[in-house]
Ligand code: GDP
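As structure tokens, one chain now follows by itself in the form predicted on its own.
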């Protein structure tokens, strides 16, 4: 679950990490009131769950009330990199002396946690990391380990807080770690963590989180009643909502072949196979979704899954790839036929079964004698067939 900046700031503030005063607003009237309350100049920041807002024109500086209103009215209707703006954050403008980047994240390749930091923060931190990898400091934390004040202080010293108080930097790193753990996060990122204040007045200088990005592990939602406040006010994808109601793991993509399988690894391999087939056939056909029916799926689960996928108008064909272990291919076959009886869909479905009750499942499909059902022996063969059928259906539409 990715948070908007204004939501991420709430979690930082709850862990005593300093941030500029700011107010979330959803229309120009609220922006004007917020700007008057915070004072000028102030920053108007588009709220989208994606980076590089500034380069897209989604972050502007307002010097008075009229300018704040005009900027808000230009930002609120925007769509940035495919993400519709969901309100703006009106924030105090701070005098920035220096910018740093700090983050804590799950590192799936090394199966631990990463603390990542550089004294070269800002919007182009990714490019800086590529061009000057020596400037990026990394600390691995064992999955069962901890990050204490000694480690945080050592990390702060290695980053090089040239204009900042190393002790304060260490405390912020430590509080980020606490936020990361308490929130069941997969990412807590501050960019920039800025040194602010009057360059000529040492006592006015301090570190402040000017922007934040936090991602939460959706699997931990049952432990956090407070996450209800992070519900997205922009209407969620209707197919993802429908799948969620049925307890299914579904992600809506932008392609033509619906993909259903059991197990995330098998579904991901199926997506790759469909994409590869589309490239090989030079049709541009791509997967329309990711849908994992999980282990032990019943006929009802399969029927619900197929109903969701077939209801998507962009879907031209469906690829069902099931390796029976706990899941019975016989039950999956019954679910496919049940869904077809309910929906009466004419879209082609390519099925590949292997493992538990595969022969029985294929026999059930054969007896149905449905011209829209196709069977393949391997995943690659099924993906090729599903991509070809989708391309034909798209061309003839």
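Predicted, not measured: the structure shown is a model, and the values here were computed from it. Numbering follows the first chain given and starts at 1.
One more form of this protein, predicted together with this ligand, exists but is not displayed; see below.
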May I ask whether 258, 352 and 382 all come within 4.5 angstroms of this ligand in the predicted complex, judged by heavy atoms?
no
From 253, 116, 96, 106: within 4.5 Å of this ligand in the predicted complex by heavy atoms is 96
Which residue, 62, 365, 59, 339, is the contact with this ligand in the predicted complex, using a 4.5 Å heavy atom cutoff?
59
With the partner removed from view, which of 136-144, 309-317, 290-298, 204-212 is the stretch that lies within 4.5 Å of this ligand in the predicted complex, judged by heavy atom distances?
204-212
Residue 92, heavy atom within 4.5 angstroms of this ligand in the predicted complex
yes
Would you check, heavy atoms only and a 4.5 Å threshold, whether residue 278 touches this ligand in the predicted complex?
no
Is there any non-hydrogen atom of residue 192 lying within 4.5 Å of this ligand in the predicted complex?
yes
Taking heavy atoms only, is residue 334 within 4.5 angstroms of this ligand in the predicted complex?
no
Members of 34-49 lying within 4.5 angstroms of this ligand, judged by heavy atom, in the predicted complex
43, 45
